[in-house]
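In structure tokens, one chain follows: the form predicted on its own.
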């Protein structure tokens, strides 16, 4: 199964976080914001030219730098992966 990161996907998709491969301080900050393994998120907007990615986590929206989004491994909500 091929791992897909959040930065590889387009808007409108709903995915589940599988793992976060980022430095501990940044990973802990994302955990505080609700981005934890098993959490379902929706990709709302994928800015062009390497801009941020806007996602919905629970009942709020969050923008992530593309560099951060590349460290978030996701899978389909049913757990199949891509």
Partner chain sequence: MEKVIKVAVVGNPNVGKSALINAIAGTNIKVGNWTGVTVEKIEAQIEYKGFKIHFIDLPGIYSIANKTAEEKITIDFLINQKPDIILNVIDSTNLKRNLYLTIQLLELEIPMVIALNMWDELGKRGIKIDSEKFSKLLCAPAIPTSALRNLGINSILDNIIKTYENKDGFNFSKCEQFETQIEDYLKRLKNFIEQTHPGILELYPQRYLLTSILEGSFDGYLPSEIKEYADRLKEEIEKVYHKDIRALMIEERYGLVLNILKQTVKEKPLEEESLNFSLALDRIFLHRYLGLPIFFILVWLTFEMTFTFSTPFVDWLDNTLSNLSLVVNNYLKNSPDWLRSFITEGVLGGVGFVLVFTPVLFTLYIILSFLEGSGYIARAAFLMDRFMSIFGLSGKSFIPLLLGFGCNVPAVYATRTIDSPKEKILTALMIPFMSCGARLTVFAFFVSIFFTNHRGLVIFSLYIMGIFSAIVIAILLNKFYFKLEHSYFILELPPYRMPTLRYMLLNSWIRVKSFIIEAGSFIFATSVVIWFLTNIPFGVKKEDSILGKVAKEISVIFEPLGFGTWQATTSLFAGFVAKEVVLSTMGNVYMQEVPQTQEDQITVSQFAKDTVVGFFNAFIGLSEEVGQKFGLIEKEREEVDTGLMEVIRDEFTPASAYSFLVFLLLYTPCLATVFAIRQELGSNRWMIISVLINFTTAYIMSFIVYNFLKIYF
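Being a predicted model, the structure only gives us computed values, none of them experimental. Residue numbers count along the first chain shown, from 1.
Separately, the form predicted in complex with the partner chain exists; it is not shown, and the next lines address it.
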Worksheet item: residue 70 near the partner chain in the predicted bound form, any heavy atom under 4.5 Å?
Response: no
Practice prompt. Would you please decide whether residue 64 lies within 4.5 angstroms of the partner chain in the predicted bound form, comparing each non-hydrogen atom pair?
Written response: yes
Worksheet item: Going by a heavy atom distance of 4.5 Å, is residue 11 a contact of the partner chain in the predicted bound form?
Response: yes
Item to complete: Report yes if any heavy atom of residue 43 sits within 4.5 Å of a heavy atom of the partner chain in the predicted bound form; otherwise report no.
Response: no
Worksheet item: Even though the chain is shown alone, can you say which residues of 9-41 have a heavy atom within 4.5 Å of the partner chain in the predicted bound form?
Response: 11, 24, 25, 26, 27, 28, 29, 30, 31, 32, 33, 34, 36, 37, 39
